[in-house]
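The form predicted alone is given below as one chain in structure tokens.
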Amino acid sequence: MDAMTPQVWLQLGPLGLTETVFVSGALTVLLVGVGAVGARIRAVREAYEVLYEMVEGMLQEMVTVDATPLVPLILTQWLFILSANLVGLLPVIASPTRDLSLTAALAIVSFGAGHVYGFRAQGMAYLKHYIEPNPIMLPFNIVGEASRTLALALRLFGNMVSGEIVGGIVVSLAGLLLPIPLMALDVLTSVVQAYIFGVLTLVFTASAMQVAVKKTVPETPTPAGSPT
């Protein structure tokens, strides 16, 4: 149960700031700092550019819409979630992603991204896809998107919590040497979970963009006299 209840590190009246807040904030500052410093070094900046182009090309191959606007979002999610997953391997720090509040926040960002890009492409007319093919589908479409967002949050949360619980059980039963192979498995799990979360965000957002694109592309009129 300790793995599922983050400790409160600072109490401000009725507001308790947990370790998730502080660790997530520290990781954010660290990632931004490393990126800013690396951008000032020519060799590192060129490596950043190569990496960015590789990610952009990979994402573009996964979807049928233009994924260029989504690269910063997906790359940021990958870096943050991977860092948050791996920091749990340190002796005195728990992974922030084993806190459901953080994974829920990340899932809400993914949920909102699709609508933001959909509205950019089509405006308020984007909402019409909720009542297609007929208005009776409105509640089903809303429940479908809500359940998809919830599943995204629970998937990451469940995998990280289960990993910490299993690791704690093995350490208590077998000492400190046997869990070393489990640490390698945790690293692999952290990478895979970060990748899956980013890819699902890409798929959800691209599907919303595709809905908007289909609505904004005008139908090509049939020339007079041509066969139908």
Partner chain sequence: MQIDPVTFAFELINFLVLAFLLQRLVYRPVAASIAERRKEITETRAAAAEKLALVDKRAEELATRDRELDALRETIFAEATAAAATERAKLIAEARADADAERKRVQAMLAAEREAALGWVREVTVEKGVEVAGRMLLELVPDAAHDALVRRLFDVLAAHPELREQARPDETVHVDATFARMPTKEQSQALKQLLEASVGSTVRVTITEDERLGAGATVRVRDRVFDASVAGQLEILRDDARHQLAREHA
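Numbering follows the first chain given and starts at 1. Model, not experiment: these values are computed from the prediction.
Keep in mind that the form predicted together with the partner chain is missing from the display, and what follows is about it.
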Could you spot which one of 73, 94, 82, 121 gets a heavy atom to within 4.5 Å of the partner chain in the predicted complex? 73
Would the partner chain in the predicted complex be within 4.5 angstroms of a non-hydrogen atom of every residue among 65, 127 and 137? no
Residue 32: touches the partner chain in the predicted complex, heavy atom cutoff 4.5 angstroms: yes
Examine residue 111 and determine whether its closest non-hydrogen atom to the partner chain in the predicted complex is within 4.5 angstroms. no
I'd like to check something about residue 21: if you look in the predicted complex, is any of its heavy atoms closer than or equal to 4.5 Å to a heavy atom of the partner chain? yes
The partner chain contact in the predicted complex: residue 104, any heavy atom under 4.5 Å: yes
Just to make sure I understand: among 46 to 77, which residues lie within 4.5 Å of the partner chain in the predicted complex, judging by heavy atoms? 46, 48, 49, 52, 53, 56, 72, 73, 75, 76, 77
